[in-house]
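Presented as structure tokens, the chain that follows is alone, the form predicted on its own.
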Amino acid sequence: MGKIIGEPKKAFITGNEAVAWACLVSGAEIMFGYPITPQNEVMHYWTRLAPKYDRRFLQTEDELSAGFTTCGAVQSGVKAFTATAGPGNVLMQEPFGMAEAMRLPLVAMIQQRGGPSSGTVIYSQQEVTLTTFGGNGEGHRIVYSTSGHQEIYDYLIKAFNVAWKYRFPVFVLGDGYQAKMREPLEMYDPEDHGIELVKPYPLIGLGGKIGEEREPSHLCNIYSMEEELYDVVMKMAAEYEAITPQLMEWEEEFCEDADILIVSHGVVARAAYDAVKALRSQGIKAAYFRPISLRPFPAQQLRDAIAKSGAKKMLVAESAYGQFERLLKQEIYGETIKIEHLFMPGVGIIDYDVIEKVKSIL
């Protein structure tokens, strides 16, 4: 595959356009999708780019089909992806669970919208629980929560590499604001940033006689015996936990000395970071911690931030009613820091909201 971008260049585009370009430079060969706001423009823009670069697109009859066709394509060695939101994410949990069971290198872009049910078509962070631990399984998946267009671009490139290297489904968790708004980013070909793309390879139709020249692939998602499933899940858990140290990602600032530690993810983290800087300028010792990978969660790093900051309180800010907080509490169980929260489900959080909440707490 030749270079697509050429010299790295600045672009001023929507998040959904950034998704399409990132998948293109990652070597994605086909997108399977079904229309749902706010991810529609991923499909629309991909269909404009695909013919120019000898890529393909199939609009399936529903989200279930989009998920399963993506599962089928990657088994044949095709670098494929899908994108969805809200109710589509719910429907895709069945194929996503299948990808987890069969260890398929599936990549999906999730642009969160408000719920429950069809909710709004605009924005939320209400698909955290669904995306991290949805499906019929144990949540052996990788989830990156992006805060803007540059990260959408960067982490989709990473998502394809991680998926094909480790054979776990990978999700990039955006939202309706990132999907629709425009902001600048640098677009580049991965090799110009020293990134070697992991080549796809077929999982089925392999040569050689099973039992003599190669082992069977065991691409299975249903088992007849309880003990058989137990062995499979335990092996999967061990392999997932072994790669966890290489997958966890996070950001932190001002954690050396703080009275309050502000924790958030995704686009809300932008407001939290601005709030922390403003509070610091006013003499209030606030610190910032942001998990980038929600699965696996950087639990030890957050525990370390709590310990070294000396903070007596933590503020969890999210555009949901505690989904991120529940995930966080599960991961740092046993910590005694007092946890306060700013829950604004389906509503954007700005720095003023965080600043006022901090002042009310302190």
Partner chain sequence: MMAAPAVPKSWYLPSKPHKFCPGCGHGIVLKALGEVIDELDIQNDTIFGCDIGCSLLSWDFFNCDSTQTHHGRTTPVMVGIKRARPELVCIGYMGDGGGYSIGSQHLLNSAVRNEKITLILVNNTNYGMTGGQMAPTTLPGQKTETSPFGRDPQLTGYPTMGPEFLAELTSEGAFIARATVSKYRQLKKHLKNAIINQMEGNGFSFVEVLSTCPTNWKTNAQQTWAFLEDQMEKQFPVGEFKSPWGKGVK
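Residue numbers count along the first chain shown, from 1. Everything quoted here is computed from the prediction, not taken from an experiment.
A second form of this protein, the form predicted together with its partner chain, is not displayed here; the remarks below concern that form.
Shown alone, this chain has one stretch from 234-242, 208-216, 157-165, 252-260 that lies within 4.5 Å of its partner chain in the model of the complex by heavy atoms: 208-216. Taking the partner from the other structure, its partner chain in the model of the complex has no heavy atom within 4.5 Å of any heavy atom of residue 225. At a distance threshold of 4.5 angstroms between non-hydrogen atoms, residue 129 is out of contact with its partner chain in the model of the complex. When its partner chain is considered in the model of the complex, residue 54 lies well away from it, no heavy atom lying within 4.5 Å.
Remark: residue 50 does not count among the residues lining its partner chain in the model of the complex, judged by a heavy atom distance of 4.5 Å or less. Along 72-109, a non-hydrogen atom within 4.5 Å of its partner chain in the model of the complex is carried by 72, 73, 75, 76, 78, 94, 98, 102, in order along the sequence. Shown here is a form in which the CA atoms of residue 207 and residue 55 lie at least 3 Å farther apart than they do in the model of the complex.
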